[in-house]
Structures are given as C-alpha cells and as structure tokens.
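Single chain ahead, written as structure tokens, the form predicted on its own.
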C-alpha cells in the first residue's frame, strides 16, 4: 500500500492534471483524476466522452491534462477505447487505455457500450467518477442521483439510485472496485492494482466525487462530505475479484450499522438535501440497506 509521503512525492514528480485548469473550486473529479493518473505510471491514454472532464481538459491554447486524450461521442467511449486497446496491444503494450466518464455517460447514455465491452472482456480500465447528476450541463438528474436529492430537473424522488459497480459485478467483470476522493491512498492503490494485476481484462472502478457546485456544498467541505459518505454507510468501499467482495480497510467497520455516523450529519452539508421529505429520507435509508445486503451476499469467505 502506498504511504502518504510516497503519494505526495509521486504527484510532485508527475502532475497528471495541471494547476489552474477550469475545474470548479473544490471539484472532487479534479482530485480523482490527479490520483488516478499518478497510479498509471504515465502510461494512460484517456478516452473521454462529454462530461466535466472535457472542461478540465480545456480548449484553445489551454490544456489541463498531462496525458493523451481522445474525446468520443457520449455513448461510444467503451467502443472507442476497445479499438485503441486492440491497436496498442500490438503497437505498444505499455499503454493503458482508460475510459474516464461521468455517471450520466455511464449509468445512462453509455450503458449499452459499457455492457458490451464488459461482456467481451476488453483490455481497458473503465473509471466512472460519480458526481450523481449531469453536472457539466447544469445538474440535471441522472440514474445515479440518490433518493431525495434535488436537481434542476427533479425535486427529489423515491427511486433508488442505479449502482453501476454492482451491475458490473453481476456482469462477471474480473476486477470491480469502489473508491472515494476523500481516501486518496485507497483510490491510488485500487487504480494501481487494476493496472498491474489485471491487465488483459476489463476492469471497472467507480469513484465517489463530490460536486460542490451541483450539490450546493461549501468547497471547503469536499473531503468532509466524501468521508461522511463512507462513515454513514452510504458509500461502501470494496474490491470485487471474480464477483467476490472484500471490504477495504477504511470502510470495513461500517458493515456494522451501529458503527456508522448519523446520516443527517452528511445530509446537512449538502444543499441538495436541504428540504428532504421524510418519505424520501426513508427511501435513501432503504437504498443504503439494499447496498449493504448486496455486499454481504457477495462477500468473499
């Protein structure tokens, strides 16, 4: 496992996303991209559909990502990445093709091509950074928006959020992991493991990436919101190899509901939950319970 001092030194040597890029203040995605690129030893080729990453990437003379990037159509990124992976397998096997996409382009618009790439076991890492709405276009509801969260196109709903990581486990994907920008060492280690141990297979990592602008969160509290998501049980941290889940060290104790922090403490930091109705709060609790039931059902012995 990487140590904090090591990660600081690695990211000082190789800066994956440049300072002064166009990300919003406190952007969780910006943090996730920095740590993930550091884990890939400067071998990443990113395939990016329309999403907030396109903003970080920049336009004109500005460029915010220190890695080659190919911009694809919204629904096509896994198919495009599959083509790149097959070419580079012959041309330069050191290149790691990575799809870097948001929840809208993954859970919704890109789900068909994602499923196809997973079924074919394409040699790519698919990263879904989950900021729980279409944030690049103004905070519209996505399939990953949690119950009770207000967006510009919804006033809070009871419907459970769509978990793509659980879907990938049931797809039979070799390596699936969840991560969180508030736990950079864990995120780095999972990207590193996906890159080094499971080459030749399709790999999927879902990263919880708080969006201060869309969630109406003070940018100072990006990391705090991320940590509370884990500590309240909302965001289980785990790895799944061949469908068998192992809880990460940072989140293992929250398997026990008695050890979780109050859900209300997490909600209070986010304006999107400011007027959450009791029935929506109950739906959110049920969503959390369902998530942990899945984890327990698929845990490695």
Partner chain sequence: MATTQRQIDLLTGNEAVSAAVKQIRPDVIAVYPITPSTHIAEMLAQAVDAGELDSEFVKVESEHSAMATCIGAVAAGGRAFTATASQGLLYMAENIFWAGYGRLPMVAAVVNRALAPGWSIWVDHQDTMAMRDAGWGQFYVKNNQEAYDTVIQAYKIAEDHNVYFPFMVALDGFVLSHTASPVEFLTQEEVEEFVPPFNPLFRLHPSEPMSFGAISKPDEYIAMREDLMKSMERAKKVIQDVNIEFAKKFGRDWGGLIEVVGPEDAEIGIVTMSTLAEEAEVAAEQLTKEGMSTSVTRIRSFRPFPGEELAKQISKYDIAIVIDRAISFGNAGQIYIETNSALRDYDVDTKLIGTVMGIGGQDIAYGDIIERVKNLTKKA
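Just so it is clear, the structure is predicted and the values come from calculations on it, not from any experiment. Positions refer to the first chain, counted from 1.
Unshown form predicted together with its partner chain; subsequent notes refer to it.
Contact with its partner chain in the predicted bound form, judged as any non-hydrogen atom within 4.5 angstroms, is confined among 110 to 118, 196 to 204, 220 to 228, 151 to 159 to 110 to 118. Shown without its partner, this chain lists 237, 240, 44, 39 as candidates; in the predicted bound form, only 44 has a non-hydrogen atom within 4.5 angstroms of its partner chain. At the 4.5 Å threshold, heavy atoms of residue 257 stay clear of its partner chain in the predicted bound form, well away from it.
Shown alone here, residue 172 lies farther than 4.5 Å from its partner chain in the predicted bound form, counting heavy atoms only. A residue is said to contact a partner when one of its heavy atoms sits within 4.5 Å of a partner heavy atom; residue 188 fails this definition for its partner chain in the predicted bound form, lying far away. In the predicted bound form, its partner chain lies farther than 4.5 Å from every heavy atom of residue 142. Within 4.5 Å of its partner chain in the predicted bound form, a heavy atom is found for every one of 80, 84 and 91.
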